[in-house]
Structures are given as C-alpha cells and as structure tokens.
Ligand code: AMP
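One chain comes next, on its own, written out as structure tokens in the form predicted alone.
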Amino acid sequence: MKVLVINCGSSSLKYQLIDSDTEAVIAKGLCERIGIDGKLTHQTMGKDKYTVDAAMPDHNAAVKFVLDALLDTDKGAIASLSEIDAVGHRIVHGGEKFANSVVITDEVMAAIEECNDLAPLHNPANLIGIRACQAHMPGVPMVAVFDTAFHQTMPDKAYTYAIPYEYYENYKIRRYGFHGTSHSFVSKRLAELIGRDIKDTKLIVCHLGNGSSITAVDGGKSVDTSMGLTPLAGLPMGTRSGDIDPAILEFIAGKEGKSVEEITTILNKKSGVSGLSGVSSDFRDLDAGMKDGNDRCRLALDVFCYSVKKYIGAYAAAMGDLDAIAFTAGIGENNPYVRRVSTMDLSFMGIDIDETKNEIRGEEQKISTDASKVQVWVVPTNEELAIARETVELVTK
C-alpha cells in the first residue's frame, strides 16, 4: 500500500509517500511560503532533488504542486494518482473530541473545525489540506492523526488548571499536550530497545527541537506532558518562553504599553533561547557562541537543560519509578551537550551517562553505562512513518 502523508503548517506543507509494506520512503518534499510566493523542494528516492519557485496562493495550490511533482515523468514517483491508496493527515489539535486517529468523514471535519480556536494557526490549514486532497483525489480514504490524541489518557489531576472550574466547563481550558505522534512512536520503540513489554514500563520521552516537550509514559500511556493548552507552555524553546509567571504579561504591558496580543507574540516568537542569547534560536549557533565565550549563549543552554532536568525528576516522581529515557527530535538526537547537562547529577536516580557513547548524533544508540539503573537512549523520531502506520491500520479494518 502506498500512503501519502500530509503535514500542513500555517504557511508550509511537508509530505512523504511511503510504501507501507516495506516502510520505505518513496518520495518526500516541502512546500514553503504558501500565500506569499511559493517554493517546492521535491525528491524521489534514487533521483536528484530539485527546487522550483512557483506561485502558491493557498494550500489547495500547494497540494496540486505536490501531486504534479509525484506524477512528473522524469523526477516523479508514480504514474497515476490511483497508485495512492490512502492519505494520512497530521492534525495539530483534536481537543477532547479525539483520543485516537480516525477515518475522515464530514462529521470529523466539523469536529476538527470546532477546535480551530485552540490552534488558530494550524487547524484551519490542516482542514484546507484535507479538502484539497479530497478535491484532487476523490474516493481515496483519508485519516486524521492528532498531535493531541496520545495525551488524552492523562488523568484529570494532570490536565486540570487551578483556575475557576467553569473555564474548563465552558471553554475546555486544560492541558492538552502536543508532539503526541512522536511521543507515541518513540515510547514504543524505546520499550522494544530495552526488551520490555511497554505495558510494564515507566518511560520519559524528551522531544527536543525548536518546539520541545517532555512526556511521562506509564504503561504505554501518556500520564503527563509539558506543553499545555497551547504549545507555548513547558520548556523554554527556540523562540517560545515556556512556563513563566503569568503576572509577567501585565507587568510588561504596563511598563511598555503593549497589548496582550503583542505580549503573546513576544512570548511565542521572540523569547526562549533566542531571547535569552540575543544570538539565535538554533542550538548549533548557541554551542558555537558558548565555545567563543558568549556567556548569554551559555546561559540560554543552561536554562534549557536545567528545565529538562527538572521535568525528568518531576515525571519520575509522578510515576513512582523510571525504567528509561529517550532523547529525540533535532536537538535531542544531535546535541551531546544538552543530553549530558540535562542528565548531570542524576546518579541518585540511577542515571549514569557514558560520555563516549553520548557523542553520537542522529543515530539510535544507548548512551547510558551498563551500570546505569535507568537506560538512556537516543531514538530518532519518525512522525511521518507513525502517521502512515495509523492510516494503514484504520483503512484496512
């Protein structure tokens, strides 16, 4: 079965065509600057990658470019759209409506739309991507895979905010969590790597990238996660503040005459390690700056790692034990400094990192010593493959 995985952002569209039998990527690409001018980068495996500038006024046009690239006589991957057996769509926010992936129907579309105010930049784009695929590939089964679904197993004590309860009753304000597809995929793989049935494990998955979140996975289920109602909560990230005292918003607004919207923009786009360092949101730049003696780069990295360490300790306490930790995503997979400092001084918890093994980048490997009670692994994530697997499971039932 050939599955097309579509991931629509507010101004981008990532895609992969996957052979579900071998789980090999047949082709992949990215549409960027949708609604601005448009750029497509496409590669069919075994053929040259190419980039083309093309007008993409909306996601409907972007989907058409994706399908044309897949059908291209010289650089494409398929001879006919009939070769695409199913389409899996990443949906950012499913609210409380979806605890699992679902086959897309009109009712599902309406329910996703009802969650638009919880993810105003992403859910509308996700819906446009679905409708565009439906228009170009009528009759092809499509599946919605939600970032929030994996976290719907959290107990109420973990997802409830200590604010007047009517705000939850009236507006569903609660912790939802994100990166669920990644956390689910990595936790399952981590259980395999340590040779345990996931139902008998207590795991922590550290998804560390430009957007970062940490999840406690007890018996294969998410029981707590660092992001909240929105992806702004939790760890400090590339440009996002993470958790801060909420009174800071009013304080800054009063001092600088800014609106709530302006402050929210600052917290989302001008904060995190970028705001701390004054240099970059890219951890490679922070590493280089620290080595050159830039103390603010050092501070940004240490604030980030300190926050990761606190979440590891908190989630081990929440679960009452800990069997293994996985580091994943761009930073988690490729930054030895972050992994080392984030687990430093945790030997009292049975965590002991092998400094030599920890130098690995982008590869699956255990980085803890053989004496470490808690195993620590680098586990590359693969959200597209996870979406393809969910899609196949649903459309073949």
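Just count from 1 along the sequence shown to find any residue number. Owing to the predicted nature of the structure, the values given are computational and were not obtained by experimental measurement.
One more form of this protein, predicted in complex with the ligand, exists but is not displayed; see below.
query: in the predicted bound form, which of 24 to 32, 327 to 335, 348 to 356, 51 to 59 comes within 4.5 Å of the ligand (heavy atoms)?
result: It is 327 to 335 that comes within 4.5 Å of the partner.
message: in the predicted bound form, does Thr201 come within 4.5 Å of the ligand, counting heavy atoms only?
response: Contact with the ligand, no.
field: Close approach of Asn210 to the ligand in the predicted bound form, 4.5 Å, heavy atom
entry: Flag for Asn210 set to yes.
task: Considering only heavy atoms, tell me if Arg284 and the ligand come within 4.5 Å of each other in the predicted bound form.
output: Yes, Arg284 is a contact residue.
message: Where, within 347 to 379, is there a heavy atom within 4.5 Å of the ligand in the predicted bound form? Residue list please.
response: Counting only heavy atoms within 4.5 Å of the ligand in the predicted bound form, the single contacting residue of 347 to 379 is Arg361.
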